[in-house]
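Below sits a lone chain in structure tokens, taken as the form predicted on its own.
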């Protein structure tokens, strides 16, 4: 090589940021893994890239975690496996790991939630004591898995206090855990401790802001699943005294309904009996103390649409894909005063036992999942007050 060119090359390389040369050995494979799409497209190339990526040192751990932001679910699986493999290789070889960078990554709430959870799991293997000290800070974390860690810690503390007969302190701790919990199994565990062992009243619907009082109308036709896009009268206007032609010559009218279910389940089958190939509507009002940003958090295994103040917010034409709390999170703007909500729930033609449910649950929260309550919220219904027809 020309001596002048050689010296110029050395000078340019010296100006590059630290790690730039090494990054060229892993950015390509990482970019290849990020291309994995739906149905596994790109998996063959990803396997080769994964092999190259996992031969790298600990410097790739945080960049792979960062790459999980915006990656598809299959690509994230490849990245997760790569991170764990590199980490295990370093740990088994007793080599240094970038513990502070990993900690900084999961502490930063702007990072991708699944990647943050993975980073925390890795860090706990490096320094379990420090990881346990960090957990209380996750109590209001946007990452469900990290929040779950903090709630679990509080449940354990509450149980310990109860075992030590410190009931008042146990109640305080468990109430804090209930405020933070978002997963049904943890909510049930806390409620059971408070209700059965500490003799406390627990109003879960109020705690989480489930909407309990509705007017329902059904059944409209959903033959061949055509009802999802059909505009039936309830979508045009709400009239509590209205009566409309539905299936055949039969007229249907609005019926009062309330639910005492701990998780606010609104069950059309309770009023109208189990039906198939039908559409039902549920209407309610919510009074907001002020105009504000909020979230509608819906759980529904049927096809559904939802309107706020006459504006269609969203809908999904899918059936029987399961139901869970906060399954769908829809950002909205509440206006000050009365807001109207309309939910459309469609039941299809399937007759298997697991397709019988025709129901939904809905709550209104802030962006952290904390309940926003209507200023005129009614008392949570008792069990024997649920499911009543208008005038009964």
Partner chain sequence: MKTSQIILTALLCSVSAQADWLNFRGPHASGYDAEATGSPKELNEDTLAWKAPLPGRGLGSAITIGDKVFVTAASGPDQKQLHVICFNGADGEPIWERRFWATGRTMAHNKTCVAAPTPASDGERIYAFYSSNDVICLDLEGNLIWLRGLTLDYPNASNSLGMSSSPLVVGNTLVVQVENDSESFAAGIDKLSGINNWKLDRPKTANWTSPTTLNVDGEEIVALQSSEGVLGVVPDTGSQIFNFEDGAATIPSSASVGDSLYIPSSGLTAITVKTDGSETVKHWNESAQRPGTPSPLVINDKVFIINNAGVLNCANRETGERLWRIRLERSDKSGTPVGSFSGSPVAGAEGLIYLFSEAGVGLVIDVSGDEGEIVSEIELGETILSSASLDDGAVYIRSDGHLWKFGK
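All of these numbers come straight from a predicted model, not from anything done at the bench. Think of the rigid core as the biggest set of C-alphas that the two forms share within 1.5 Å after superposition. Positions refer to the first chain, counted from 1.
Quick note: we don't show the form predicted in complex with the partner chain, though the next part is all about it.
Novice: Judged by heavy atoms and a 4.5 Å cut-off, are 39, 77 and 315 together in contact with the partner chain in the predicted bound form?
Specialist: Each of the three qualifies.
Novice: Using 4.5 Å between non-hydrogen atoms, is residue 47 touching the partner chain in the predicted bound form?
Specialist: Yes, residue 47 sits close enough to the partner chain in the predicted bound form that at least one of its heavy atoms falls within 4.5 Å.
Novice: I'd like to check something about residue 203: if you look in the predicted bound form, is any of its heavy atoms closer than or equal to 4.5 Å to a heavy atom of the partner chain?
Specialist: Close contact is absent here: in the predicted bound form, residue 203 is far from the partner chain, nothing within 4.5 Å, heavy atoms only.
Novice: Is residue 88 near the partner chain? Define near as a heavy atom within 4.5 Å, in the predicted bound form.
Specialist: Yes - in the predicted bound form, heavy atoms of residue 88 and the partner chain come within 4.5 Å of each other.
Novice: Taking heavy atoms and a 4.5 Å cut-off, does residue 177 contact the partner chain in the predicted bound form?
Specialist: Result no; residue 177 lies far from the partner chain in the predicted bound form.
Novice: From the candidate stretches 117 to 125, 210 to 218, 237 to 245, 103 to 111, select the single one in contact with the partner chain in the predicted bound form, where contact means a heavy atom within 4.5 Å.
Specialist: Residues of 117 to 125 come within 4.5 Å of the partner.
Novice: Could you work out which of 81, 188, 156, 260 is the residue within 4.5 angstroms of the partner chain in the predicted bound form, going by heavy atoms?
Specialist: Checking each option against the partner chain in the predicted bound form, the one that comes within 4.5 Å is 81.
Novice: Among the candidate residues 53, 346, 68, 343, which is the single one with a non-hydrogen atom no more than 4.5 Å from the partner chain in the predicted bound form?
Specialist: Of the candidates 53, 346, 68, 343, 68 is the one lying within 4.5 Å of the partner chain in the predicted bound form.
Novice: For the stretch 316 to 333, I need every residue with any heavy atom inside 4.5 Å of the partner chain in the predicted bound form, listed N to C.
Specialist: Contacting residues: 316, 317, 318, 319, 321, 322, 323, 324, 327, 328.
Novice: For residue 340, is the C-alpha shift between the shown form and the other one 2 Å or more after core superposition?
Specialist: False for residue 340: its C-alpha shift is below 2 Å.
Novice: With both forms fitted on the core, give yes or no for whether the Cα of residue 210 moves by 2 angstroms or more between the shown form and the other one.
Specialist: After core superposition, the displacement of the residue 210 C-alpha between the shown form and the other one stays below 2 Å, so no.
Novice: How does the CA gap of residue 147 and residue 323 change in the predicted bound form versus this form, closer or farther, if it moves 3 angstroms or more?
Specialist: Farther apart, which means the C-alphas of residue 147 and residue 323 are at least 3 Å more distant in the predicted bound form.
Novice: Taking the shown form as reference, are the C-alpha positions of residue 116 and residue 323 brought closer or pushed farther apart in the predicted bound form, with a change of 3 Å or more?
Specialist: Relative to the displayed form, residue 116 and residue 323 move farther apart in the predicted bound form - a change of at least 3 Å between their C-alphas.
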